[in-house]
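In structure tokens, one chain follows: the form predicted alone.
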Amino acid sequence: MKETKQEGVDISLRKFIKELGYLAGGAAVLATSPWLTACTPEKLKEISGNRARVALIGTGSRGQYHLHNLKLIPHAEVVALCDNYEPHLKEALALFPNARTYTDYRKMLEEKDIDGVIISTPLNWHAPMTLDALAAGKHVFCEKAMAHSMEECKAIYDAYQHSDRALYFCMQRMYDEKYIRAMQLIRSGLIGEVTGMRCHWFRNADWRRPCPSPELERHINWRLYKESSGGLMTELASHQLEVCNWVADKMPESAIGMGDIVYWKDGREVYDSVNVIYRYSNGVKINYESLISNKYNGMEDQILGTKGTMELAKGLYYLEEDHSTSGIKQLINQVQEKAFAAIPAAGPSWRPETQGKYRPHAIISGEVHVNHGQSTVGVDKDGSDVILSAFCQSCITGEKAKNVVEEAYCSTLLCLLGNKAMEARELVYLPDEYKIPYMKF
């Protein structure tokens, strides 16, 4: 029987996980991604006919993105919407006209017919709203990053340890097919020993949104101010640093970096250019870079191994053995083609190490495309819909997703540590009081 559009949100990844489990011998997928325990076709059958009654706090662009996904999740029912900015609330109500509306989230939390709450607000509201919702007995799904400060992250983590409610943070790469498969390939030794990681996220836009009046500036453009935002690190790097920890299966022990406002000098307080290096205890490093005044390099999570390289965002990997022209062969060819007039007595140590041509392989099935010299694979999902579906399932079953909170905690602390390193312009270490049993160094 042909799948319906509504079923596609859930069935596609669940089928993929089932097939991947069989391919890898059953338990291998759960060894790299234990939070997927609940994401099976069998689990979906168990909740057939049930619907999670959910409420959304924060109806801006990201909140409305979640609402569009909720329309495609058959076991979800949106019963309430909350925002203190009327234009956004009206737009959200147009999507779910039967939902009740609120301007005070605390009043909404008093309602007994709400099973779960989705929080899509500025970062400085994540902690108080998450803590209040857990205290009110609601299951909680919150946008990344976890919180605005390390103290708030620890408060959420501690509250969760004493709660019977499910808690999710939108680390969607953890539910992305190509990332899940890539982790299995990395663990299998396909690219050899991981010796480095490079992550970058480049855009060319001021990150500013239209503001109808001056008094709403900090309300609308909250990402630009330190009182409500962690800047590029919490907004973008949070996803990529989680992936690096997923690969390494541990936490970096230190960070050093520099951040500046290089181009967008418009009164903003957060950096528009950041460079941070994180170091693991074995010497492996994450080189992280982001700026929003040039988009040439786009976004990528690059895992470097002794036998190959993964480009996770593109859904591709490359093997060293496919690069048949070695450095010395390249030199000989260049000499034969008279690229150089003479060879210095020092020999080939000076040869140019220009990037060679590597054959791209798809991480999951899909046709590899080459555009302007850049290879990609035909995969456009990022896992956002699936993690939201998993949350709605937890609202019905009460089942907590394994390690989701811990992964969000670790990646958020790294974002905040990176900001601390850039502010101090020196090497910084994660304070002992924020270390949790889940962490390995």
Ligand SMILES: NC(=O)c1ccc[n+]([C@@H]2O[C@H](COP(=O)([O-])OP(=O)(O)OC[C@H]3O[C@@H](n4cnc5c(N)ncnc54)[C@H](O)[C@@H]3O)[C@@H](O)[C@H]2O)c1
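Quick note: we count residues from 1 along the sequence shown, nothing fancier. Values in this document were obtained by computation on a predicted structure and should not be read as measured data.
Keep in mind that the form predicted together with the named molecule is not shown, yet the notes after this line are about it.
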item: Any non-hydrogen atom of C82 within 4.5 angstroms of the named molecule in the predicted complex; value: yes
item: Contact label in the predicted complex: R209 to the named molecule, heavy atom within 4.5 Å; value: yes
item: Close approach of Y160 to the named molecule in the predicted complex, 4.5 Å, heavy atom; value: no
item: 4.5 Å heavy atom contact, T101 and the named molecule in the predicted complex; value: no
item: Stretch in contact in the predicted complex with the named molecule, which is absent here, among 291 to 299, 312 to 320, 215 to 223, 149 to 157 (heavy atoms within 4.5 Å); value: 215 to 223
item: Joint contact, Q240, S281 and S411 to the named molecule in the predicted complex, by non-hydrogen atom at 4.5 Å; value: no
item: Contact residue in the predicted complex, chosen from M129, I277, V194, L93 - any heavy atom within 4.5 Å of the named molecule; value: M129
item: Residue (of K71, R198, H75, H88) lying close to the named molecule in the predicted complex, criterion heavy atoms within 4.5 Å; value: H88
item: Heavy atom within 4.5 Å of the named molecule in the predicted complex - qualifying residues of 32 to 68; value: I57, G58, T59, G60, S61, R62, G63
